[in-house]
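What follows is one chain in structure tokens, specifically the form predicted on its own.
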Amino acid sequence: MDASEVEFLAEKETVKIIPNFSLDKIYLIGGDLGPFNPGLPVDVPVWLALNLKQRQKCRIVPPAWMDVDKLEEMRDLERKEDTFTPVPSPYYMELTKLLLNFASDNIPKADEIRTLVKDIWDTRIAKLRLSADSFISQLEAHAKLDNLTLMEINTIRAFLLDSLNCLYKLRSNQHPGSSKGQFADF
């Protein structure tokens, strides 16, 4: 899975919009949406919210967690804890990117929010790299990945798989009686 596929999954998350048009309930495979009435908030998937925003048919209400005070608290907690802390959304990074790229005029203090989410991301990725390094250097057989998002796992996946593959090759060559070339790369 690559970053674009994770972003696609994030677009299925719901966000609140305030439409400036009227439309009865619409029936989609993924569920019913609406009705849409001017000035009345309605929950819709991010993909629809962005589409309507680009056509100037709505105003997007930022998620409750997309607030400077809440993000500062989250950043400070993430820096303080040795383990990964729970995130407000499994797609916090992707949603921030999408909403700030296409609807920054609807989000108060957008630049501060962008910086805070980037700080949180950088802290979590640094922790992830340290955890992966520790995992590999201690020759562990399994790891617990609590509170990681799909994008964070996706970021470290290639490095971790390559490292474990090399570790496997080294281990199989150390055992006496093992024939070279017996095991193929996975």
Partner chain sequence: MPCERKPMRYGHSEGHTEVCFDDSGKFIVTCGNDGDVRIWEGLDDDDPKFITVGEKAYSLALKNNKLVTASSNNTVQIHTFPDGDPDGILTRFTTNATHVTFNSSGSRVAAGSSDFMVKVVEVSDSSQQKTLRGHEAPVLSVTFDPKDDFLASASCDGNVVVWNIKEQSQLISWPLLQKTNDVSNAKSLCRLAWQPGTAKFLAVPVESKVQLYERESWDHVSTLSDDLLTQLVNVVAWSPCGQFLAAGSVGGSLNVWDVSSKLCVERQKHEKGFTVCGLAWHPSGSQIAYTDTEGCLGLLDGLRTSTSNSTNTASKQAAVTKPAKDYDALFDDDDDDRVMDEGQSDTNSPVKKPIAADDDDDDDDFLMPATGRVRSRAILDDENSLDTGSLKLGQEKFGDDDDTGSGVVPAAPLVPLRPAYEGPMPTPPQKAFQPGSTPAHLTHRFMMWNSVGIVRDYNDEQDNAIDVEFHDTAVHHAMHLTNTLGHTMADLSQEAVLLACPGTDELASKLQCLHFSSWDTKKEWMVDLPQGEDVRALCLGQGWAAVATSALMIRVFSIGGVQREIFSLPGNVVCMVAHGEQLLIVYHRAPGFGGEQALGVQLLQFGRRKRQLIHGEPLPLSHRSYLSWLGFTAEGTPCYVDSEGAVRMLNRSVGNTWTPVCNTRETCKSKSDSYWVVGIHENPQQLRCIPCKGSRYPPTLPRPAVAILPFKLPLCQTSTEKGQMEEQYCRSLLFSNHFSFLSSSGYEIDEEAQSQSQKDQQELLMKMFALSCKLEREFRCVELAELMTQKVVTLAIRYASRSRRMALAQRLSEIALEKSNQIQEVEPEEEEEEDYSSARRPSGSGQSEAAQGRHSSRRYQEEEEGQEEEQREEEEGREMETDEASETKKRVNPFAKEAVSPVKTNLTPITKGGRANPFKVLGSGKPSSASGQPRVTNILDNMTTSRKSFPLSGPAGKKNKNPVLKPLAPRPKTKTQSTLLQMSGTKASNKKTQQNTQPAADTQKQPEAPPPASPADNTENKRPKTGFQFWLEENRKSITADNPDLEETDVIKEAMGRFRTLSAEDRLSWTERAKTGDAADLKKRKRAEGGAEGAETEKGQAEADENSAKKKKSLDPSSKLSAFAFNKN
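Residue numbers count along the first chain shown, from 1. For clarity, every value in this text was computed on a predicted model and none was experimentally measured.
From this point on, the text means the form predicted together with its partner chain, which you will not see here.
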query	finding
Which of 155-163, 131-139, 117-125, 38-46 sits within 4.5 Å of its partner chain in the predicted bound form, heavy atom basis	38-46
Residue 22: touches its partner chain in the predicted bound form, heavy atom cutoff 4.5 angstroms	yes
4.5 angstroms heavy atom contact with its partner chain in the predicted bound form for residue 59	yes
